[in-house]
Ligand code: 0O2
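As a starting point, one isolated chain is supplied in structure tokens, in the form predicted alone.
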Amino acid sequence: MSIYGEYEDTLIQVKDLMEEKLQAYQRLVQFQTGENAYEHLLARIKTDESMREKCRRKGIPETAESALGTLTDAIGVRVICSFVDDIYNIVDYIRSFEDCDIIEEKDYVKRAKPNGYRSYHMILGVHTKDKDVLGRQPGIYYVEFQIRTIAMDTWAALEHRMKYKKDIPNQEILVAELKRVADELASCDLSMQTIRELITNV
């Protein structure tokens, strides 16, 4: 039986709702400007196996209460943008969602992690008419957003691959090289943003 139990159908509905909202924003921006608000949108519900593994790693019971009450990433949405300004436009749009509470925000774009990781993270509490795992009705279901540029996403995928691959030779050198590349990509992102603004303002 799925770790999400009777709440899985509502999880799917909340995920679909977040996708619909962002797709509507994409259509609006395309209509107003002729450009994309973002390049790619990925929404998923963490698999049963992955969620159980995370519960074990955190030392908490493998239950729906842990998956949906203690942890906040059962629903994940990743938005990949071309430009840094697009990240903050999407953040502002997400803040406007009705019947949602912003639980947490972390701006790793302006303040990168020590290893060079950059992305904008948000956790939203989405109010639903259905009961949640804590017995509240209307219930609250959490959604984790990651919003980043294409360059940031490519870097994060490579760093993730290295983190979970064992016995990599010269790992310290690779970590330092990844940090250097992260800084270069951040500089490129800012340069691309400046060029875009110069073209737009002509």
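Start at 1 and count along the sequence shown; that's the residue number. All of these numbers come straight from a predicted model, not from anything done at the bench.
Beyond what is shown, the protein has a form predicted in complex with the ligand; the following relates to that form.
- When the ligand is superposed onto this form from its pose in the predicted complex, none of its atoms lies within 2.4 Å of a backbone or C-beta atom, and the site is open.
- Although the partner is absent from the chain shown here, none of 70, 128 and 136 has a heavy atom within 4.5 Å of the ligand in the predicted complex.
- Although the partner is absent here, residue 156 is a contact residue: one of its heavy atoms lies within 4.5 angstroms of the ligand in the predicted complex.
- Contact check for residue 117: a non-hydrogen atom falls within 4.5 Å of the ligand in the predicted complex.
- At the 4.5 Å threshold, heavy atoms of residue 56 stay clear of the ligand in the predicted complex, well away from it.
- Mapping the unseen interface onto this chain, residue 108 counts among the residues with a heavy atom inside 4.5 Å of the ligand in the predicted complex.
- Of the stretches 128 to 136, 108 to 116, 79 to 87, 92 to 100, only 108 to 116 has residues with a heavy atom within 4.5 Å of the ligand in the predicted complex.
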